[in-house]
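Here you get one chain, nothing else, as structure tokens; it is the form predicted alone.
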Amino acid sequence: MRHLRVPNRAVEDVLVVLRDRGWLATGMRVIPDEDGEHRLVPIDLGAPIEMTSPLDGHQIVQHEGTFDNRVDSDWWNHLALLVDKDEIEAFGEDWPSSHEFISDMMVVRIEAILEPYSSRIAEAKLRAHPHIRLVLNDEGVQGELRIRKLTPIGARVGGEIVTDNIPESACSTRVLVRESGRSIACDPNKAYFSTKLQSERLETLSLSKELRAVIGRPINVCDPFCGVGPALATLLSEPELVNHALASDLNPEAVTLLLDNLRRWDRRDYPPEPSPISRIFEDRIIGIADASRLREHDSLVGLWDLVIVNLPHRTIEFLPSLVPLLDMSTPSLVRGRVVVSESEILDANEEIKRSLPKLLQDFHEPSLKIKRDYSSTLRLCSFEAWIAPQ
């Protein structure tokens, strides 16, 4: 997570400012920097990408976050009060080792063998994280749109923890997520949005600013798997970065949420309901579309400086159909994510390069970088490919 690198003598003053603005990450510790002269202060996900005065003089660094143990945020300690020690040991590594926060909700994946313990797992998670309203069991993706099935297994109702007969009023999954100074409306039961990928979106922002410098003007961005728009949220937060933008998705529910978000970010009157992709404003092309068929629209071909390919299981498959969208008159950039086994990364790198036009000289060739485990055998990776003008 992001931290402010602050001289030891200035930590208390910085904490006061961060708390006052709501930018201090709750439940996380201030930790010493390796040089002994600075401390790393954890920043909330919703804090702006760049700090304003009086914090702008401090460097922002990425560092593993450390939980504040003064609040017992270790859910295992709470589980041990609800489940016998022998039972905990019997299931070993089957117990859920991680979770994901989405605003005031937590998503956790419980193995089928542990379903009888789901209510106790939910209670332990809620005890460990007092700010959480709802715990959802991730039962995997379903259908062509790969929408996750998320089942409520625990909620906080009137200050009490409830795991049986959870009232429907407590099960709403539509929330606002604060990230990089923006509010992003999402509903993980309709369009999944991973908060764990904020660092990826910040890398895309950094690459986009580099691309702007290379071509000497604001960039035109194509996001054909946009979901509710988290990548655009980050890019639009940078002044004079984005000129024209195309944002499309095959999921109508995702586009509905995207329109709601763009209405707030752009402060323009976007339509309330989704429709097939169309030019809503001179600089905004939005709507429902199959990304593999965008090249069939002559008005969309050859316009885009940055193409974001955020469909990790099928990115390599889709690349050839997306290349025609690139503006080949100037250098351009493809930014993508791929799920692949570690043993197949080298082959995947070669396949990516075969799918792309001539690469830009003096820039690194596209190479998958492992970002985190997707499963016991698969890795979630990202890459960027700098394309030469033709």
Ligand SMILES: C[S@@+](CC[C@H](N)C(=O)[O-])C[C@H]1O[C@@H](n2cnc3c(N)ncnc32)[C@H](O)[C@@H]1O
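Residue numbers here begin at 1 and follow the sequence given. Since this is a predicted model, take the numbers as computed values, not measurements.
What comes next is about the form predicted in complex with this ligand, which does not appear here.
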item	value
Residues 144, 249 and 311 all lining this ligand in the model of the complex, heavy atom within 4.5 Å	yes
Partner-facing stretch of 132 to 140, 168 to 176, 225 to 233, 115 to 123, counted where any non-hydrogen atom is within 4.5 angstroms of this ligand in the model of the complex	225 to 233
Contact residue in the model of the complex, chosen from 284, 212, 201, 295 - any heavy atom within 4.5 Å of this ligand	201
Single option in 94, 104, 290, 74 placed near this ligand in the model of the complex, where near means a heavy atom within 4.5 Å	290
Residue contact check: residue 304 to this ligand in the model of the complex, 4.5 Å heavy atom	no
Heavy atom of residue 318 within 4.5 Å of this ligand in the model of the complex	yes
Exercise: residue 197 in contact with this ligand in the model of the complex, heavy atom 4.5 Å	yes
